[in-house]
Ligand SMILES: NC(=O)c1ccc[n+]([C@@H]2O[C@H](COP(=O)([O-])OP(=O)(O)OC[C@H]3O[C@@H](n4cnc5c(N)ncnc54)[C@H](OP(=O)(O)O)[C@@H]3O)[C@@H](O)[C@H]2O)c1
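Take a look at this one chain, the form predicted on its own, written out in structure tokens.
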Amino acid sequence: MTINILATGTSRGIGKAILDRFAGEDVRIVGHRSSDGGDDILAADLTDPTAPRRIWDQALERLGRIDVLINNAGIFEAVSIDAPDIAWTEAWNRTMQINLTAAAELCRLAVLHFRRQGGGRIVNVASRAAHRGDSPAHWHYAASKGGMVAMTKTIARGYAAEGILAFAVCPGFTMTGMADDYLASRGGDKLLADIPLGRVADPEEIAETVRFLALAAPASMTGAVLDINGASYVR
């Protein structure tokens, strides 16, 4: 049976690699980007609180049913604790809205849909920061990804008996636009020294893991959080 997938944040980096990895599989996938959509790409700015519902409804209209939700959309924006109060709070709220709240709303819609059709899978792309934190300028990013991991575990525990499975992936640094800028600003060699593997992950490595969780992971793995960080953080 063809598997129908909705994936967010697929315009570049890990999201683009996810789209590419599913090519050739027996799936139909609808992607998402913040603007300029197309036949197989929905456009919606996740800072808009109405966007998750619109994304879901449009994907459902195109696919007929959804079997897998992949939440990959996210931002990684620095803000100093010395920033003005309003600027710091705005950065916090923007990151939470895009990285966590929009993902939560899509997960909620997915669970409701999956309950009606007898099951489904959710794969949330979180971050190593969920477990070890991040830089002093990225409190909000670490908190959003920690919330995503906790949400994933809650969904897994709450709905496994109904055939609804939930997984999270926690990459470390990955060669995407977001990580490139951060590596440069923080001194790439120093950060690489903290990765025993000696390199950051390729987006294709994350995409391969997402594909496994979406299509092949055994049901007993539900609730699993998989680390992909070159042993820079092990638990």
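Start at 1 with the first residue shown and count on from there. What you are looking at is a predicted structure, and each value in this text was computed from that prediction instead of being measured.
Below, we refer to the form predicted together with the named molecule, which is not included among the displayed structures.
Student: Can you pick the stretch from 137-145, 159-167, 85-93, 105-113 whose heavy atoms fall within 4.5 Å of the named molecule in the predicted complex?
Tutor: This holds for exactly one stretch, 137-145.
Student: Considering the named molecule in the predicted complex, which of 100, 73, 123, 155 comes within 4.5 Å of it through any heavy atom?
Tutor: Of the candidates 100, 73, 123, 155, 73 is the one lying within 4.5 Å of the named molecule in the predicted complex.
Student: Checking a candidate spot here: are 10, 34 and 172 all in contact with the named molecule in the predicted complex (at least one heavy atom each within 4.5 Å)?
Tutor: Per the other structure, all of 10, 34 and 172 touch the named molecule.
Student: Might residue 192 be said to contact the named molecule in the predicted complex, defining contact as any heavy atom within 4.5 Å?
Tutor: It does not: once the named molecule is placed as it appears in the predicted complex, residue 192 has no heavy atom within 4.5 Å of it.
Student: Consider residue 45 of the chain shown here, and say whether it contacts the named molecule in the predicted complex, taking contact as heavy atoms within 4.5 Å.
Tutor: The answer is yes: residue 45 has a heavy atom within 4.5 Å of the named molecule.
Student: Residue-level contact is defined here as any heavy atom of the residue lying within 4.5 Å of the named molecule in the predicted complex; does residue 14 satisfy this criterion?
Tutor: Residue-level check for residue 14: yes, a contact with the named molecule.
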